[in-house]
Each structure stands twice: as C-alpha cells, then as structure tokens.
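One chain follows as structure tokens, the form predicted on its own.
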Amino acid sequence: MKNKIPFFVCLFLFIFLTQANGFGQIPTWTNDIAKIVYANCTSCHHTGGIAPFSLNSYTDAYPNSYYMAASVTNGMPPWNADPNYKRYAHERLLTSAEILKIQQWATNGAPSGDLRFAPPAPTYSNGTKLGTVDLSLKMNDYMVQSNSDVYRNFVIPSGLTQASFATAIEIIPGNPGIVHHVLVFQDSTNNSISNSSSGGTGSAGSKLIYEYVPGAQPYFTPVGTGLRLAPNTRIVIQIHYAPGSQGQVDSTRINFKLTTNNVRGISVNPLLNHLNTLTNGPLSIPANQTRTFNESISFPGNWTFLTASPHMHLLGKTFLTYAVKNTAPFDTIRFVNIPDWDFHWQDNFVFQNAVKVPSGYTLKATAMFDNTSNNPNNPSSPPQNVSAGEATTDEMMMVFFSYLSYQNGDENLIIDKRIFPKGATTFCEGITVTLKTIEGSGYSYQWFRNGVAIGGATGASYEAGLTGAYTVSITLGPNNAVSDPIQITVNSNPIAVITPAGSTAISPGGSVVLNGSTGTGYSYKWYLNGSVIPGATSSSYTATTAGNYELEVFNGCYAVSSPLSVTTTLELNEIQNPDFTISPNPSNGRISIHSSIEGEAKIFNTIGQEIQSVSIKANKNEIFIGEAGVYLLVFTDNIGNTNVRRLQIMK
C-alpha cells in the first residue's frame, strides 16, 4: 500500500467525517460491503492471491475492517493515474459513495447483517478466460532464490512458422501468491537476454507487447487490429516476484488468440525515453537531491494512440505525459498523469476512446525523481548517486505507447467488447451481480438475455438477477460489436412455510406439531423467539412452549419463514378426583397437596406460561406460589391420570 497519509491520520479523518455527516442506515457486510469488496478487492485479496490476506468472507474481512477503511482512504485499490486528468478503460477506482460505506461500516463495528443472505464470493482459478486459445506457452519451473524483490526474464520460443497477429493476450500466473507483475516482450533477434533485469530484457530488439498486474483481465485489441508476432519470434516474460517468495516455485503461462488475417498491426514502442528524447539529460540524480527531467519528440504523420505505459524505478515521484500542438491554435492531448508514482503498481493505461494525434503535435513527458532520505522507496541508505540503467537501483524514464497509423474513423474504434462480472456469476434468488463493459465518450449500449433485448438496459453496466446468457451490443459511430455471452446462474431459494397440524394454542401439558415445507435436498433449523432450538433440525417440530417460531430452510440457498405465534390456553374445566386434593384454596400461597399416587404437578399462569414443576410423592406435599393471581395446577400421576385444579392466591 502506498504511504500517502499516515494510517492514524486516515483513521481519524474517516471517523470524524463519517460521524460529522451522520450515518443514516449503517452499512452491513451482507447488504453493502461484500458486493463492493467482491467487485474491487478479491482479485488480489483471495486465498492464494498476491495480497497478504483474503477478503473472501465476512470472517476474513471483520478483523481487517479498520485497515480496509484506512486503505481505501489512502489509495486502494491501487490505481495511480489521476482520474481528473483522463479516464481509462477498466479503472480500479471506488466511487466516493463506496469509500464512505466502507468507512462507516468499519466505524460502526463492521456489522455483518444476516450472513445467510450475503452474496457469494467470486471464484478464482488458473483456467483461461480467452475461450479458444490459439497459442499457449509456459516457462520452465523456477524456484525463487531470494526473499527480496526478484526480477527474472524467461525466454520461450513461440514455435510460429508464419507471421501472426495476437488479438488477445492473457497471463496465467503459475503461483498467483508470488507473481507481482509481468512484462511480455517479443524478440526476433539472436541477441542474448539478461536473466535478471527490470523494465527491459537486455536486448535492443525486444519489443514490449503487454503488461500484467494481479487481477488484470486479458488484453483484447480493438476489432480489426492485432499485435504482430514475427515468424519464429521468441516470447520473453519478465516476472517480478514479490518479497518473501524465496523457495517457492512458479511456472507462469501466457496464452494468445491469433489470426493470420491481414489485420492492422499495432506497434508498441517507448517513443519517449531517457536514451534519446531527454531535453535536459543525461538521466542522473545526485545523492540527496530531487531532479525533474523532460522528454520531447516530434512524431510526424497522423497516428491513432490506444494505450500509454509510463515506466520509472524506485526514485520516481511524479510522471506526466501528453502531446501538444506546436502552432496556433494551441492544443493539448492528455495521456497520463501520475501524481504519486508507485514502482510496484505500474499499469498499461488503455484509453476509453482511441486518441488521434495529428501531424504537428509533439509528444512530451515530465518526471520528478527524489533521491533523498525523505523518499521511503529509496533503495540506498544513505542515498547514492543514481544514473540510467536496467537494475532496480538504477533509474529509467520511458513511456511505452501502443499505436497505429491513423485511418479515417479511428475515433470510433470500439476499444473492448467484453463483459466483466463484478462478483460471482452463480448465486441465489434475491442477489444480483453487476455486469460491466467498456465506458467512454459516444458509446451506446443494448443488453440482451438469451438473445432478447432487455427493456431499458442501455447503460455501460447492468444488474443481472435472472438465469441466462447475457450479451451487450456496443455501438460507437458507425461501428458495432457484440460481446461474447456470459452465463449467469440463479439458484432457486427453498420454500419456508410453517403449517401447524391443528390449533396453534397449546393446552397445559400439551403440544402442537409444526410442519415445515419439504423439498429435495432441504435441511432445517428451527427458532423460538429468535434463538436456535438445539437439535431441532427436522422438517417438523413438536412445540410445547408458547412463543414465535421461525423455520430456516437451506438447499444451498436460504429461506426463512414468517413467524408463527403459538399460544397456550388455560383449560378451566376442573377434573376432580377424590384421591387428589389441595387445600386451602384460595390460599396465601402455601398449598398442601394430598395424593394417593406419585406424579408431577405443573403450575401455569393466566397466559399459559409454566411457572413451576413439582414432583409429587404419595400422601402429603407442599408447594408455594409467591405472587397473587389465578393459576392452573395440572397433576399427572404415574399411571397417566390427569387432575386439573384452579388455584387462587390471595396476598
């Protein structure tokens, strides 16, 4: 996590602000927080993920609630680009409302809500998300040799015998718990590749084509475009292994969707770089100093830019890149502004809309480096002189762009047509999942379920709560693309209804049978006045006590019945037996009982509650009732005879 603001300051701020603004309804895990976490956090924070703890469940999240609240105040999920400067496809950003909910939840003790109805966590596997894979390459097993940051290059022959275009690229970490990020290069030269480097391969012929960070989805090129892979090219994957990975083994895989059709080729190059575009170089930062460097290059011709990827090392603090028109009327085209650089969270920023950079514009970048002890990421203590180089302790200043030669209408290229589910895609009735697709200027949408248009579903996202295959039709200008389907499965909730077998009024000493609805695979749990009845796990329950009964039914999903009120009635018809007598009646509370046979006497008040149970011996017994009132005494002897007496206690 980036240390923008001390933890205790963040904690104070969010507690103060949320209390000052008032809470309204307090958020709970079930109703509010789980959905935010599953949409934005668990791609890293799941069992086996790169993050230090899991957030797959309330049990995971509760002990981390204050940390979560401070983290979202302080820059989590990790996303370094300033959204006020430019917006990008598939941003990892929480809304202000989502941040406030997490803060309020933590401040109020992180309440769970009814966990029976919490949404399920999404699942994560090592399977491909590309559907059909045309080329799958896996590095040899590698055991990490250090507990510090490790950067390692792995060379994998592509085996391609003819030029092809990659229309989608996917990284599948062999060990997701240690793979921090991956850079993918192709190299068609015979140059040697450095085993260990950062940001490059050691070969001038290597071309960056893709970057992976934890939680990243596969990269799909716009329709009609691709990344050219030369015949017999080598694929080089540079993996950053997180600290603490020593002794663990990884075998990361890279998958491609390919075409041999003559699509438009995307170029990926560091057009701005410290090697030949610095205007105030060389790139050198003396110890105990901060330095700002500028890069500039005229880029003749008309070009269509798709992505930008700034790159620095540990001394980097800020990075700004843009294009400017050299003549009046002056104009600026924004690419990326990173006001707080974090070496560990570098991204390939995909523009929501293709960006035309006309002839007459100059590409520019400005970056600031901090080589003082005030920089907590400074790799040297005390600071040392730093110059350009491949090592992490050296520095770089580069911006990789993906781009192609401009053609009329490129502004209407549909950048991506995929659907991203923001949570589990299999869940129970009453739960929904947000389906999200590309956002940007000028896009229009129509969502479909099972091929039928959904009325009113014309936004970039849709809240799906029914089983079906969902697609979205995306239109931008004259262009249209339809997503691949995504399957949503909604499991039916069980039926939870209590049906009494007769009256719901219990006679003294009697009972009422309560029957629950039945179904295949049902399991049950009975409640009395909100508390679980121990051992009551059958479809029916024999109630001997007055109160409100509820039945919980589970078949993978939950349902809870409406409460059923069971009362107790006093039978005032006295059953007389000369072998069973009581005296005096009325009394002051002390009563003598004479019986010729042993048994049990139960005393009930006027609302049917049993207040006393006494074992009766043969001959004389005494009982005491402490409060004045009318009571019913029910005596059942050992051979099953029942005697009922009405008692009046006078005080």
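Keep in mind that this is a model prediction, so the values were computed, not measured. Start at 1 and count along the sequence shown; that's the residue number.
One more form of this protein, predicted in complex with heme C, exists but is not displayed; see below.
Of the candidates L275, I297, V223, L94, L94 is the one whose heavy atoms come within 4.5 Å of heme C in the predicted complex; the others do not. Out of the listed residues I178, M312, A81, M76, M76 is the one that sits within 4.5 Å of heme C in the predicted complex by at least one heavy atom. Contact with heme C in the predicted complex holds for all three of C41, A51 and V72, each having a heavy atom within 4.5 Å. Judged by heavy atoms within 4.5 Å of heme C in the predicted complex, the contact stretch among the candidates 611 to 619, 582 to 590, 43 to 51, 597 to 605 is 43 to 51. Residue contact with heme C in the predicted complex: Y58 places no heavy atom within 4.5 Å of it. At the 4.5 Å threshold, heavy atoms of G205 stay clear of heme C in the predicted complex, well away from it. In the predicted complex, heme C lies within 4.5 Å of some heavy atom of W345. In the predicted complex, at least one heavy atom of P214 sits within 4.5 Å of heme C.
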